[in-house]
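Take a look at this single chain, the form predicted on its own, given in structure tokens.
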Amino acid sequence: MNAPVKPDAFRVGTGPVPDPNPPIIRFEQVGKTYAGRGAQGPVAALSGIDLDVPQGAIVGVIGRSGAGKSTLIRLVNGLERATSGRLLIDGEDVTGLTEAGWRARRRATGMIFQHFNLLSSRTVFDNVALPLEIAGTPKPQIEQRIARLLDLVGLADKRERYPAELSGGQKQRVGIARALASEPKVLLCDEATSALDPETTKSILALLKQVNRDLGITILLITHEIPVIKEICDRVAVIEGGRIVEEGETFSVLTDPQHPTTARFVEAVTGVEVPAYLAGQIHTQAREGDQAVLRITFTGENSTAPVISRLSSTIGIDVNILAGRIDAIAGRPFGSLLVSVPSQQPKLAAVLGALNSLELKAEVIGHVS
């Protein structure tokens, strides 16, 4: 989102104070409207997009099909043009850039595609070298740069192979090397792992993290897969109906979602389902002798601390563990636990009070006999 104006942002006689850490990509109230068919009228694909992509960060945009995420990323490489607002890349307003201007701008922006987009008649080396050949780079420089890139992506021994001889993961590694050939400042990922199996996806995400860390390249990715966001992104923006409905640090957004769309996305990776044998027994009103089922959320240090044993010893109430998981979000631990405790007061109030004192989020999801 747009940064707040600092109190000393304007000084007499000096003009605006430059932002010491300006985002490398900034959307300012950006909109994109397409002409509708027949009587349908114009269709707004994006409306009022405000989004900053900090330099050196990995930022994900997640949304379902038709939410507007593909249009958003196509604005950044000039394949679509905004119809309102401003788009700034590396401090330059590119909103009204000509096609010639975009050709120069695209050399500083690499693109990774869902379906690889490799040329079947060219070897791995020649596919990666293509952007440099088009730019007129001397052959000795091409040889040196491509050799380094193939080593980086783990394909040094595949340089003379053709795409048909490669696995899906290897093809995507070629795509990553090709996107890096022109030494871009920004890497755009368009559903880069959607066509890959889970194990291969994990290896590609690890490679992207390495590229970001070792080369300092900013990554903006779009996806509909929340595990991708959880694994790799520093920040996330959730898009729905052409608008960003929630945005922030990945850990904060995924562990405490504020919008229903975000909550639906993150439930699969942060929540713990009620075991099947209990699901049909849960009721909303407590009865004599019932057990309350609590969902407890752990973050930070509490994710791995023996909280339940401390709770039992402190208040003298038995806590029965039903299900649980400890995971990592953006490299930070996060846990979720289902437990049962006595439903009757004051025991339930004592448990909830103790959890609150430990700064743990607890939710009563029902009662069982």
Partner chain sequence: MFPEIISPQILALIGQATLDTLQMVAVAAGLGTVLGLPLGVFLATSKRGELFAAQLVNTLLGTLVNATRSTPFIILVVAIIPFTRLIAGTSIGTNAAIVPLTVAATPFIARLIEGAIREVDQGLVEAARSMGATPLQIVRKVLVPEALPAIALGLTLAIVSLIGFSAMVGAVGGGGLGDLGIRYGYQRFMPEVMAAVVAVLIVLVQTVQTIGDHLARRLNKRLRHA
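Positions refer to the first chain, counted from 1. Source: prediction; values computed, not measured.
Below: the form predicted together with its partner chain, not depicted.
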| property | result |
| --- | --- |
| Stretch in contact, per heavy atom within 4.5 angstroms of its partner chain in the predicted complex, of 220 to 228, 285 to 293, 117 to 125, 245 to 253 | 117 to 125 |
| Heavy atom within 4.5 Å of its partner chain in the predicted complex - the one residue of 195, 263, 206, 79 that qualifies | 79 |
| One residue of 131, 169, 184, 257 in contact with its partner chain, assessed in the predicted complex (non-hydrogen atom, 4.5 angstroms) | 131 |
| Close approach of residue 178 to its partner chain in the predicted complex, 4.5 Å, heavy atom | yes |
| 4.5 Å heavy atom contact, residue 151 and its partner chain in the predicted complex | no |
| 4.5 angstroms heavy atom contact with its partner chain in the predicted complex for residue 299 | no |
| Partner proximity in the predicted complex: residue 165 to its partner chain, non-hydrogen atom cutoff 4.5 Å | yes |
| Within 4.5 Å of its partner chain in the predicted complex: residues from 191 to 208 (heavy atom criterion) | none |
